[in-house]
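Quick heads-up: it's one chain on its own, the form predicted alone, in structure tokens.
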């Protein structure tokens, strides 16, 4: 007969089993499959499989389009992180004051509502807004006497337009997190600063920002990882164009695996992206530990 401790262990395993099964199905097995595919060449027509070693990695590392997509992705990350976290922090600071309850809830809802809307729907709407001939934005640009802007057709502007859409869609998420962190700053610290005669700006700079620094770092990490995985909005709006000006790393991976049928190079690019994400997370976790020790 099982002892009480053994029955508790069995019950705990039963509760944890669904999580382990989901982990195996959606994380562990795909990762192992990608590891195998990255060193194989699979012919989808004849279903022949050949071991090619590091050839797939050699292929993507010597492909200029691969590095072009990395440059595009990091350009997107730089602007998207600055927009989402920077603008989110500014708006959270503006909302962190004694506003009437209904007004505060209205602002929170207004900023958070785009987060709840489907990304596909948002992309289609912005595609119309950014239209060169029929778009509302270019309508007002013409009213100002300026030439219309190729928001999605100009190689120098298209990625910036994608960033605008991403920030509009996601900034509310970061506002909610940062506002919660600001409202969690101990009242005793704020009261002590007020008694010492500190201005609102000094209180923000010397107390609030340092106190919520780990939360800001979390937002930066989260936004960076999301930026490295950007795919849906670009696929719907520009499909990587014009040229390759908005093609991201994930789009390159998708194109290699499903359009070109090169599963091996697609898996190799996916693993490369995974390593980059792991390095970024490790660096930012290290920074987080240093902030926590202060």
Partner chain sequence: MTIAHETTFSNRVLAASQVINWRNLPVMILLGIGAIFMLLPFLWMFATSMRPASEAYQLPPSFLPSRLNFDAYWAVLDSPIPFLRMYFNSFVVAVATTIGTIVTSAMAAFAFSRLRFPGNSWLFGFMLLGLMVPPALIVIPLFFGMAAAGLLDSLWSLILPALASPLAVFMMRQFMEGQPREYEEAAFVDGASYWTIFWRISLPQMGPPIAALSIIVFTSSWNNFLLPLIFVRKFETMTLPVGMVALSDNFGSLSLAAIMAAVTMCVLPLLVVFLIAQRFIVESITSTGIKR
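Positions refer to the first chain, counted from 1. Predicted model only: the values in this text are computed from it and were never measured. What we label the rigid core is the largest C-alpha set whose atoms superpose within 1.5 Å from one form to the other.
The following text describes the form predicted in complex with the partner chain, which does not appear among the structures shown.
Trainee: Looking at 195, 146, 71, 116, which has any heavy atom no more than 4.5 Å from the partner chain in the predicted bound form?
Mentor: Only one listed residue qualifies here, and that residue is 116.
Trainee: Just to confirm, residue 171 within 4.5 Å of the partner chain in the predicted bound form by heavy atoms?
Mentor: Residue 171: yes, in contact with the partner chain in the predicted bound form.
Trainee: Looking at the partner-bound form in the predicted bound form, is residue 253 within 4.5 Å of the partner chain by any heavy atom?
Mentor: Answer yes; at least one heavy atom of residue 253 falls within 4.5 Å of the partner chain in the predicted bound form.
Trainee: Examine residue 75 and determine whether its closest non-hydrogen atom to the partner chain in the predicted bound form is within 4.5 angstroms.
Mentor: No.
Trainee: If we define contact as a non-hydrogen atom of the residue within 4.5 angstroms of the partner, is residue 95 a contact of the partner chain in the predicted bound form?
Mentor: Looking in the predicted bound form, residue contacts with the partner chain include residue 95, since a heavy atom lies within 4.5 Å.
Trainee: Quick one: name the residues from 95-123 with any non-hydrogen atom within 4.5 angstroms of the partner chain in the predicted bound form.
Mentor: Counting only heavy atoms within 4.5 Å of the partner chain in the predicted bound form, the contacting residues of 95-123 are 95, 97, 98, 99, 100, 103, 105, 107, 108, 109, 110, 111, 112, 113, 114, 116, 117, 118, 120, 121, 122.
Trainee: Please determine whether the C-alpha atom of residue 278 is displaced by 2 Å or more between this form and the one not shown following superposition on the rigid core.
Mentor: Residue 278: C-alpha displaced by less than 2 Å between this form and the one not shown.
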